[in-house]
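Before any questions on how it binds or moves, here is one chain, the form predicted alone, in structure tokens.
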């Protein structure tokens, strides 16, 4: 016997709501510990440069200066964000070694008795940088002779030996040749900053051979495992405490502050607080990727889409973070929830000298949906249908073949549109009201 629903359909008070609205919630950075030190970063003032030298002599004379950390101090000086799920290579440095690849990249960590002393010492570090040409546009980055951002020699992530994630179904060019209309569009989006109320940060506290890290990460054990790898210490020596993210939306999945704060606590034997300023949050934390998406559709006179070609470029910035994974999600969804028998998708993860990009609310899929749905409206206008009709006509049904060779299962686009029409008072045709996501007559998985 199925248990009665106790939450669905009811208004349930959040367990943390009262603390948040009354200001009583204790967030990660609100804590203070005896002898706590403060960590601030020396960051690159250039978008792309070789690091020729670092002069710490003036910084070391600042009252309250404790120590500096450079790349040589980090046991495994690579962020390992995606390697835990088998996506490699590791290519982002915890602290820059011979080259910086974006403005704001961390080069030296300064640890001091107070935040003010740390900031003063940061200002007195002298960097010897040899500026290099930079590239900021995804298509410019793919041209011959473009400045190379990566260490492997080209500006794309490689998928099974290819410079893009590829999806193929049917024969797109043949379908274009017999289409009554060709509808093309180019869709661009800019980077989007998450702008959390609480900036990225943590406090690492030594506790008898172990280290407790109070952090506002969105992925507690992911952060613990990555920190363990970077510092080359067993995971059982790390105790991560989270829970109050302070706003994240995907941006606090990246493991940016915990490894270096914990390393500083290991080196000094004292608690270390590392919290981004608002300007750091805007400049160096991951944004949603900027995208450029080219769409070309072959459409019959009655509005059926028989071919769709997608060429898309995600700006990963200088390093991968979560973007190569986002491209896989993007490629799986780039044709939309529509039954199209001929599809070609080339999705590029491109490296530029911008700040790295990463996860944000459906990353990879959200921008595809934006481009596709604007394109659907253009198709409707081209063939003389209303926007509702073009979507009902082409909607997935159970058993339809998706471009990545998976059958649609539990498709509910038709039912969702019917419910949406009822909510907004849009009158559907009798045929649209009678439609369901049941398999098509004859069980044709191709959808035609």
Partner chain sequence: MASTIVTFELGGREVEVLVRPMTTLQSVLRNQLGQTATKDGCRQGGCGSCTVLVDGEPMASCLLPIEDVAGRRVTTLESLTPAEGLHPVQQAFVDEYAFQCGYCTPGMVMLSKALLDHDPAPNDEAIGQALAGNLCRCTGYRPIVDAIRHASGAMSGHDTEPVR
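Residue numbers count along the first chain shown, from 1. Just so we're clear, the structure is a prediction, and the values are computed from it rather than from any experiment.
One more form of this protein should be noted, the form predicted together with its partner chain, which is absent from this view; the next part is about it.
Item to complete: With its partner chain left out of view, choose which of 75, 247, 133, 89 has a non-hydrogen atom within 4.5 angstroms of it in the predicted bound form.
Response: For this set of options, the contacting one is 247.
Practice prompt. Just one of 257-265, 104-112, 194-202, 141-149 has residues with a heavy atom within 4.5 Å of its partner chain in the predicted bound form, so point it out.
Written response: Careful reading of the contacts points to 194-202.
Worksheet item: Could you tell me if residue 25 has a non-hydrogen atom within 4.5 Å of its partner chain in the predicted bound form?
Response: Flag for residue 25 set to yes.
Discussion item. Residue-level contact is defined here as any heavy atom of the residue lying within 4.5 Å of its partner chain in the predicted bound form; does residue 20 satisfy this criterion?
Written reply: Residue 20: yes, in contact with its partner chain in the predicted bound form.
Item to complete: Answer for residue 13 alone: is it within 4.5 Å of its partner chain in the predicted bound form, judged on heavy atom distances?
Response: Result yes; residue 13 sits at the interface with its partner chain in the predicted bound form.
Worksheet item: Is residue 360 a contact residue for its partner chain in the predicted bound form, using a 4.5 Å heavy atom cut-off?
Response: Judged by the heavy-atom cut-off of 4.5 Å, residue 360 is in contact with its partner chain in the predicted bound form.
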